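First comes one chain, alone, set out as structure tokens in the form predicted alone.
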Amino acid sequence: MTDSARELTELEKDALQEIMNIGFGRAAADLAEIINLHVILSVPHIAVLQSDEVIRYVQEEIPDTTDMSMITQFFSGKFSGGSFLVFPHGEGRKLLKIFDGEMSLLGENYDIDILEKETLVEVGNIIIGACVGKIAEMLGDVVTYAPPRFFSQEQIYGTLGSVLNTSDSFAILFKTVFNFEQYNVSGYLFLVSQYSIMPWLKQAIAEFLGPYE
């Protein structure tokens, strides 16, 4: 494949960004219904990077990488890849407020660290499912999901490295920043797809643009 064929054209990037904007908007509406939370998702950024550039990109995009946690979930279909939901330090503990009612029922009989981890996994599963599902739907695909997994700070880069080292030499990366407004909680969602989906992705974008041409 030629270098020019590797890249998305500006028109394709603009179309994909619009697809993601619409998809994330619908996902935010679903999230508001499912967990009664108003979620703000930023305009997504799309890039085609060499796999070994992805970790550096993640490091540069997150201001404080001293104590993060990450939820990963892989999805498969024509649109396939991995989702990496990164919460900076302290954001997970804030999310526990969502479950104040349930926590009061537990009394003192819970481990706060385990509860935080379970909360991040549950919230991550909902966010990733909503966002990836809507994007896939708009591209004419249906995806299935592997179970979400939690990774602590010391596991994050090793996990990303092992995933990216087994993928194509290029990765298509999508990034958005999400914010739970009423809890002042924010995080970063990265979707990384192997380069092998590029022919299908280009075709799906062309079909999306068809009615507008």
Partner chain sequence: MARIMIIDDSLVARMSLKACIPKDAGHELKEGNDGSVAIELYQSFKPDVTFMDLTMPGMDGIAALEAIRRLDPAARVIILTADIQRRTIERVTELGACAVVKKPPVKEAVIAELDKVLADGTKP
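Being a predicted model, the structure only gives us computed values, none of them experimental. Numbering follows the first chain given and starts at 1.
Unshown form predicted in complex with the partner chain; subsequent notes refer to it.
Exercise. Given that the partner chain is left out here, which of Ala146, Ile55, Ala47, Ala32 has a heavy atom within 4.5 Å of it in the predicted complex?
Worked result: Flagged contact: Ala32.
For this session: Answer with yes or no whether Ile197 is in contact with the partner chain in the predicted complex, where contact means some heavy atom within 4.5 Å.
Result: Outside the cut-off, so no.
For this session: Using the partner position in the predicted complex, report whether Ser42 sits within 4.5 Å of the partner chain, counting heavy atoms only.
Result: Answer yes; at least one heavy atom of Ser42 falls within 4.5 Å of the partner chain in the predicted complex.
Exercise. With the cut-off set at 4.5 Å between non-hydrogen atoms, does Glu181 touch the partner chain in the predicted complex?
Worked result: Because a heavy atom of Glu181 falls inside 4.5 Å of the partner chain in the predicted complex, the answer is yes.
Exercise. Taking heavy atoms and a 4.5 Å cut-off, does Leu8 contact the partner chain in the predicted complex?
Worked result: Outside the cut-off, so no.
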